[in-house]
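One chain is shown next in structure tokens, namely the form predicted alone.
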């Protein structure tokens, strides 16, 4: 193996957090920098020619996950485990949020960042908390970067994240099939297949997609080692990412990180197909509100007041 401390090699492979659109430039730069090690260059090539997620066999996944785990060890010195939990049969995940109970503390926002390995610099957040004027549902007049004690008099708070739409415009907009909706209702992205065109970002009426304009920055101590291939694994520059309802957690029976962080119990999550689930009880017994209902996306995310 080549010396990982060699400056030329390090610079070359720092550019090798590949997107499909940037591969050739990165591969050429690696060769020009003296990256002659066949194993390293082979890893670059394998990342580029990797099949779409839906075509991967279980053997393919083992090889790919091992390669990604080794890359994190090399770049960050952190041992991570990448899994790929399958959708649960008879489950359609849904979320409900009690606007009467939300106090705008943003603990959900910060918990999401910690859980999902989103960039700290530049800052990337999957959810945002809107400060709304009491008596109004006009999100155009809301504030995101509000300051001071919360809850503020004359306001209520509306967290917004991916709505996991049944008719997702982001899925329809993707020209390469890099994003799709899983059987349990979660819309995912194959980050190795994404070309970074941002059509999905433009199509989403909820501003739920985030494009990595530069190399995401995370200190080793900030990396969550419990990772899912289609959810919170480290993403490269040049791809679009999003909330997945913490897919790697909920498919093994846990709650999303944002829900666990909420101090007021404003968030309800569960199986929409289970009449006894909390989220189903909300839909059956509360008057619910759907954000941007006129967009016709049929979200699996609902708002309600007590």
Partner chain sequence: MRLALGPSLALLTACADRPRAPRDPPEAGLVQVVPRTPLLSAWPCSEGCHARRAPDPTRRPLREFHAGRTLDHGPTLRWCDACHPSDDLDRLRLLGGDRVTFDNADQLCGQCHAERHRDWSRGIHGAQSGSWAGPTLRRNCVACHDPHAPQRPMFNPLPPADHDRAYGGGAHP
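Numbering follows the first chain given and starts at 1. It should be emphasised that the depicted structure is a prediction, and the values quoted were computed from it without experimental measurement.
Although not depicted, the form predicted in complex with the partner chain is the subject of the following passage.
- Proximity to the partner chain in the predicted bound form, taken as heavy atoms within 4.5 Å, picks out 142 to 150 from the listed stretches 68 to 76, 212 to 220, 162 to 170, 142 to 150.
- In the predicted bound form, the partner chain lies farther than 4.5 Å from every heavy atom of residue 154.
- Among heavy atoms of residue 226, none comes within 4.5 Å of the partner chain in the predicted bound form.
- In the predicted bound form, at least one heavy atom of residue 105 sits within 4.5 Å of a heavy atom of the partner chain.
- The closest heavy atom approach of residue 302 to the partner chain in the predicted bound form falls outside 4.5 Å.
- The three residues 62, 82 and 240 each lack any heavy atom within 4.5 Å of the partner chain in the predicted bound form.
- Contact residues in stretch 273 to 295 (any heavy atom within 4.5 Å of the partner chain, taken in the predicted bound form) are 278, 281, 282, 285, 286.
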